[in-house]
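The chain below stands alone and is given as structure tokens, in the form predicted alone.
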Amino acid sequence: MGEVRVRAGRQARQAERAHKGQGVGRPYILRNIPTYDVLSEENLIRIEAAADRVLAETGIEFRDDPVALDHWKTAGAKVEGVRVRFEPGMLREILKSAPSEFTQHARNPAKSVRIGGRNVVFSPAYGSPFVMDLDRGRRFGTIEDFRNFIKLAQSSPNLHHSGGTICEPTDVAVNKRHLDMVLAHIELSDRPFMGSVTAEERSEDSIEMARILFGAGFVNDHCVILGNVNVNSPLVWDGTMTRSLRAYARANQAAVVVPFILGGAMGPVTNAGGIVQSLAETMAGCALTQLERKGAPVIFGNFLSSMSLRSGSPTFGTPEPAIGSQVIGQLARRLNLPLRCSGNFTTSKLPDGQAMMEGTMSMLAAIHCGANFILHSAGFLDGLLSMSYEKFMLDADLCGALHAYLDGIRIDDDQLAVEAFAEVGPGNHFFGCSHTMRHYQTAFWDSELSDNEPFEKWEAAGSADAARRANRLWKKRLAEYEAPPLDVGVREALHDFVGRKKAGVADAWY
């Protein structure tokens, strides 16, 4: 009888894994473990006071965006040329109108995500010009690669978001590739997605395509697309980013406001100094969204990183930014804003032990700091210069483990298993007891990539390491991928929009 039940359970797990290949999973995670607070109230106040001094005494430059400067003048900031200074507390007061939590709607309502509060959303890595795999090595990304990564994200039960510029499709003109990217997200995935931010008109094109998909009225009242905007650290917001930021806010869509601070280069070498800078720059960007449209959703973002002070090379997945992220989480909660922080970072050039060690350190920082939207959850390699097919699969597997980690421990009579002790008694094993048989299919997280077989069996099967197993899995996923259905009329309208936009301008390659 026990053998029959084990065989049935194995079949059930096989069926579940087959299901996983179609991206069946939770739309997002509800955190059941607490965040980790590193600093005391006294020290948090000191950081906030230091940021207030930087904002009031040094200020931030807002370049090439007269509308942004007008917003700041109207709000009462001190504007001298492009330099803007803020009285202590001013930005916090403006930020009170930003929602602490919001839904980003997907075209499949079952896959909409909730951002903020106790919610955690995993999204692929973003922005790499190169891609790599074990078969062809490192090369410039193409639109085919871009579409492949959307398919892999859609197929993973451990990711919740389609992402944005997963890799740069360098075979498409710079001024037109945003159209192909947004179209690919809409056609190949039914999850939430991100739009372009590289120019205001490209941001507006992205939002307009969302309007075609969801309807203009729905988009006016609901968030359906995100735009990831970066500060030009230190203490500069350039017009390209603020115009895009305002375009998203104006349409009631969420900007993800992120300074990229490389300690010792674009910010102080000390962790505390980098945190002060990050808080000042991010508050200013988030507040600008509220001046553009009060109540618009916005995500408080952060990207702390270190560098090798001997060579000047960036380093990722190191301990200082990881612990710094914990403090950023505390500061974001004090502002009552959704948080994007940390991710699966590494400078390794291969999906190897260094990659997984550095990636796990920075990913756990995101988990413990309370990040709600975790960009760069899968695929990040080579200091974000390369998107790796194998690393994507390994990272997505880690995201699966983090689902179980964030679930925490449930306490009830069944979980406490007192009756199991009575059934088994001293000195016996629990493998075949009724409590184990009830739970053995779901008790533990089951990796799709780890090898838990005896050494001899692993060796006889070819001695494949994790990267080689990941190579086989991404190929299998792409072979089995099926696009989610999309309304024919919507598809035709999107293709018409993209065709007209492309025909209206000549190709630009820089």
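Numbering starts at 1 and runs along the sequence shown. Computed from a predicted model, the values in this text were never measured in an experiment.
Only in words, not in the display: the form predicted together with a further copy of the same chain, which the text now covers.
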| query | finding |
| --- | --- |
| Heavy atom of residue 132 within 4.5 Å of a further copy of the same chain in the predicted complex | yes |
| Interface membership of residue 81, a further copy of the same chain in the predicted complex, 4.5 Å heavy atom rule | no |
| Residue 480, heavy atom within 4.5 angstroms of a further copy of the same chain in the predicted complex | no |
| is_contact(residue 218, a further copy of the same chain) in the predicted complex, heavy atom dist at most 4.5 Å | no |
| Contact residue in the predicted complex, chosen from 307, 184, 173, 335 - any heavy atom within 4.5 Å of a further copy of the same chain | 307 |
| Option touching a further copy of the same chain, based on a heavy atom within 4.5 Å in the predicted complex, out of 271, 240, 119, 142 | 271 |
| Which of 335-343, 161-169, 247-255, 422-430 lines the interface with a further copy of the same chain in the predicted complex (heavy atom within 4.5 Å) | 422-430 |
| Any residue of 391-423 that, in the predicted complex, places a heavy atom within 4.5 Å of a further copy of the same chain | 397, 398, 401, 402, 404, 405, 408, 409, 410, 411, 412, 413, 415, 416, 417, 418, 419, 421, 422 |
